[in-house]
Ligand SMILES: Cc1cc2nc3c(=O)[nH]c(=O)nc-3n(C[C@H](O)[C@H](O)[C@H](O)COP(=O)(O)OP(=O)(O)OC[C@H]3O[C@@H](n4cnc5c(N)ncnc54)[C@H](O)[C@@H]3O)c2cc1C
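Okay, here we've got a single chain as structure tokens, the form predicted alone, with questions on binding and movement later.
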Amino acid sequence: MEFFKFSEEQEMLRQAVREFVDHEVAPNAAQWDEKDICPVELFPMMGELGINGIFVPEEYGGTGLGYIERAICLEEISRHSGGLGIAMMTHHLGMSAILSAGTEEQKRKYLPDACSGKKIVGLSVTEPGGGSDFIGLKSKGELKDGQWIVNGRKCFITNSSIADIDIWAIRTGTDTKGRPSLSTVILEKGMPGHLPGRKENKLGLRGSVTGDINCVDVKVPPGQLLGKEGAGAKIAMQAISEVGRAGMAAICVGILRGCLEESIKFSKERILYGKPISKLQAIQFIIAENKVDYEAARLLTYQAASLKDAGLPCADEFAIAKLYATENAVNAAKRTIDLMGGYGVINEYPVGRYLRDALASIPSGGTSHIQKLIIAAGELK
């Protein structure tokens, strides 16, 4: 298969998102990071641009584009704010589950407001026992008097306290082999017993809200079941593997581009011994490595997105892209700090934020060890 090529329309989208980011995100990213606040007021603005519902069909209020366009949006946002990038990524994550498994009624009820930015979406899977251990999931739902009664605790959930629509994975029984049967339900902010818990103080990806969500005897009408009973593992895993990891890869492509641009800019402006340090071979080596890692991560990510848009298998390709982009975003940020010397650790420059955002991206959507297991399993088949 040939590698994709950006269309004229995709390049126009990139320019439009870049202009928005330069005006609304870049001047505020450091403050969001320092104060760890999510700029929820930007969601309606991003909705008008079509970012929120980029891959959602127009009939449900979306833009009707694809996952290449989604990656373009996340890359441009995360060039300045990985925190806002993961908030939008998770918004997309929950929307994708509704789009892929929801009834027509559910799609028309929830997707238009999510696309416009009137409501923010989250996906709650991870629990204190582990994010990758679906079989060990403890949150449960019991059918009583025609309603699901949901109890449990989720942790490390992005958009935890700001999500208006919260997709939960729960145990709803056992299968024929005695294993836990998982289902997904759509919860809404304000449902009695559905409450956000502690907010985490993160190393990176600040500017997004991450924390606990608790359910205590939450009464959920049967119409809120997302997909068939027992299909929860498939729904959640498809969202995570084809939308979550895709998003984290795109976010780190943005961070990598930020590192490349900062290394070039600083090396041209920093004068040492009467000339810019960009003339030094050691500095040129760092810029070259940043360029190679950015281009490689970019190709892996957009190629995987093109497979998703074509309806072809892409989970392994997104695992590869996620592994490469996150790990090398860390490497590029560290190299760029080395290039900048003492200035690299001063928070007036964004590169320290890039390093912290890259580090926090590694466990998001599955650690690097998990990605290696996925990739190896695919090859061993």
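Please read all numbers here as calculations on a predicted model, not as lab measurements. One-based numbering along the sequence shown.
From this point on, the text means the form predicted together with this ligand, which you will not see here.
With the partner omitted from this view, the residue of Ile170, Ile86, Ala246, Ile255 that lies near this ligand in the model of the complex is Ile86 [heavy atom within 4.5 Å].
Residue Leu205 is the only one of Ala297, Ala304, Leu74, Leu205 with a heavy atom lying within 4.5 Å of this ligand in the model of the complex. Of the stretches 279 to 287, 188 to 196, 153 to 161, 215 to 223, only 153 to 161 has residues with a heavy atom within 4.5 Å of this ligand in the model of the complex.
Ser183 falls outside the set of residues with a heavy atom inside 4.5 Å of this ligand in the model of the complex. Proximity of Ser81 to this ligand in the model of the complex falls outside the 4.5 Å heavy atom cutoff. Proximity of Thr210 to this ligand in the model of the complex falls within the 4.5 Å heavy atom cutoff. At least one heavy atom of Thr367 is located within 4.5 Å of this ligand in the model of the complex.
Although this ligand is not shown here, in the model of the complex the stretch 332 to 364 places heavy atoms of Ala360, Pro363, Ser364 within 4.5 Å of it, in sequence order.
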